[in-house]
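One chain comes next, on its own, written out as structure tokens in the form predicted alone.
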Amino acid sequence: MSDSVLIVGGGIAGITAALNVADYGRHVYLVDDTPSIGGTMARLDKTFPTNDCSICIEAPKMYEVNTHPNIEILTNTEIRKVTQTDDGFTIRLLKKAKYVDEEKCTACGKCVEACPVSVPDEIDGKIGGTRKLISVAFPQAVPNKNYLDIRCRNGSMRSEGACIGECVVDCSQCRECPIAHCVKACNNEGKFAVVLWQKDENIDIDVQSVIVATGIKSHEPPEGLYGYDVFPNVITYMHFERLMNAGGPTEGDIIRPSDKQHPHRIAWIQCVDRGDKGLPYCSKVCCMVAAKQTIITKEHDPSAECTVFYNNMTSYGKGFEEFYQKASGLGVRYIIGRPFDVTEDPETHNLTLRYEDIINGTIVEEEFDLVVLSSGLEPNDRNKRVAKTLKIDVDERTGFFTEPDPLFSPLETATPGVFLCGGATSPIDISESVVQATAASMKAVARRVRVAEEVAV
């Protein structure tokens, strides 16, 4: 009987589950469809309600996962086929090519320096962040290896100046590229790690249990809502998180995208795009994220004027109410209600918000330098595909996985041996994700004992 466990998703929940299972002597396959483990937490600045450094907490765990003898990390990898057996599962994984030999790459950065094309970073693009077509996912990435953007390899970046864009020879047929700058730079270092002819690889594994920890992501507001994607100084709370982050595109300097100046008057709008046409649920964390961001903004600039427009204060966790009170005590204004109109001064790019003063029953206009949209959290894009492959249920309305019996069999699914944790179940904060991951890992470990007893009978 295989005693291995497959964990789908390498965020904080997947990392926690992997370490717990591995410490019980089980072999762990930790799979993530991005080039690095770490998930959303790796891109945050601080965690609420303690305001501890996010990556300072997660990076040691990522390192421990990378060095644990019982854990095998498979990034850029997806589940493609699952066959249920008497005592577990036979699973086919597809490891997509990174076009870099991870055994040879040392992330020295020479290939990145040589690459002639910069593209907007997926998370930081709206606030000026860029990356090269070959790069490391982020400074603390695990594995800390470069990967090549598929758009460079398939020729779709020719118009942007990609150096292999004019080549008419299929890379899989040519093993000595005389054109690509990254290949030349790597070879000059004696590494020979950039391999443009690398192919996708099928991997078959046998496991006894599966833990689904596919995580969550920030919801993207529709274009035009409160001026989003129209006015440069309207951003989301994830963009603001990256502005605060010393590892972000501005190295922790809170500036406006339009003119790179420090904003003095900042407004946060809560529950953005929530309702019948948007997210049909409360994302739970947004109120505390706004409180955290206002507190840190005040630490950067005590004279900054911070205003939060909200409907209901969701402070459900330990220390959350005190955290909200701390923000209020620093002079953060909390106004009940959502603005209904945002306009821009085309010369200054300042933003005017119109909202109803609930107490006085009047319409108020107020000008701000920057507007931050708390747009909520949504499930990972791959959930429906994973649900179909593993034969587990997903809520069609929300997109999160569901438990058939959350009261008596929490974190379990319709398929015995498949467990859930973290953002796979619902919008959730970091501490809850860790608790659920610990519980799911114990269920996965305990299942071997139960299956062995059933086989013996």
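Please read these numbers as outputs of a predicted model, since none were measured by experiment. Heads up: residue numbers just count along the shown sequence, starting at 1.
Just so it is clear, the following notes concern the form predicted in complex with a small molecule, a form of the same protein that is not shown.
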Among 307-315, 197-205, 265-273, 215-223, the stretch whose residues bring a heavy atom within 4.5 Å of the small molecule in the predicted bound form is 215-223
I'd like to know if V332 sits close to the small molecule in the predicted bound form, meaning any non-hydrogen atom pair within 4.5 angstroms. no
Does T250 reach the small molecule in the predicted bound form, with heavy atoms at most 4.5 Å apart? no
May I ask you to check whether L411 falls inside a 4.5 Å heavy atom distance of the small molecule in the predicted bound form? no
Contact with the small molecule in the predicted bound form for V21, defined as at least one heavy atom pair within 4.5 Å: yes or no? no
